[in-house]
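Taking the form predicted alone, here's one chain by itself in structure tokens.
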């Protein structure tokens, strides 16, 4: 009796596990599949499971529309600039957090999360008021500054944890044989921390690429990126065009996350939030 009960219990667990995994696949992959079908669909009426007609007119419209093409160009201009600026600002701070103990260090580390712990729209509205007085509204610099907010946590915490994980003995050994501070950093410290820094830069790129609310408040009407353009697409364009544009918006995220998958799965992302 106990053996049959154990077998039934094991089978029940397997069924629940398959249901759980199946649900994840449906909710994670399902929307992408639907967008892919809709992007090439012509006539598709309920309750048909597949489109009755197939077409690429939506793709032509996206690439021939000057507004949509310009928004794609802007997104690929802002994201690299914001990523490089974030690295230039945050990596020195990350190194200082990992190597030095100073008053307020823990408070500053925790405060970095405060920016992302609450809805950002209130922060963006407050920033917009300041930007008006500084003539930064509808400027390239204003959009870069507002997009930097979403990159600070990634670009500070993950590299700081990577720097902290490097044994001091390696740096001391390099100094003992005559290497200066800069050479120690670029020949010992930086190469060991590079995978985590790479993950942080990819996540920062995606945070900038996908940022919509702050860019909308600060950049409109001159700087309308792809996420901001989605507001207009949903309301004023055919559903097929919106599906094509949404797929194009998702492509960088999928490709870049696949690129850093081995580092993320290897624990670089988790290590970034274990900094003491």
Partner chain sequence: MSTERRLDGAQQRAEAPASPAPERTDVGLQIEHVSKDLGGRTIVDDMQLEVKAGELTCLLGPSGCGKTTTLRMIGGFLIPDRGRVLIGGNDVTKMSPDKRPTAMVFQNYALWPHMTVFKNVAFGLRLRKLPRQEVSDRVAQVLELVGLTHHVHSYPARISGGEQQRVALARALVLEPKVLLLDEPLSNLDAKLRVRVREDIREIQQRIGITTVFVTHDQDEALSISDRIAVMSGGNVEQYADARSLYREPETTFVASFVGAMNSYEATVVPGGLELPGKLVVPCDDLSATGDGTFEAGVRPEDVHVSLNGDGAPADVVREVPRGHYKEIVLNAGPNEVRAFVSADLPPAEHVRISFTRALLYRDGVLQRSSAPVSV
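Just so we're clear, the structure is a prediction, and the values are computed from it rather than from any experiment. Numbering follows the first chain given and starts at 1.
Quick note: we don't show the form predicted in complex with the partner chain, though the next part is all about it.
Interface residue among 188, 149, 136, 74, judged by heavy atoms within 4.5 Å of the partner chain in the predicted bound form: 188. The single contact residue among 122, 129, 180, 104, judged by any heavy atom lying within 4.5 Å of the partner chain in the predicted bound form, is 180. Residue contact with the partner chain in the predicted bound form: residue 99 places no heavy atom within 4.5 Å of it. Contact annotation: residue 111 falls outside 4.5 Å of the partner chain in the predicted bound form, judged by heavy atom distances. Contact check for residue 115: every heavy atom lies farther than 4.5 Å from the partner chain in the predicted bound form. Within 4.5 Å of any heavy atom of the partner chain in the predicted bound form lies no heavy atom of residue 89.
Of the candidate stretches 202 to 210, 164 to 172, 79 to 87, 137 to 145, only 164 to 172 has residues whose heavy atoms lie within 4.5 Å of the partner chain in the predicted bound form.
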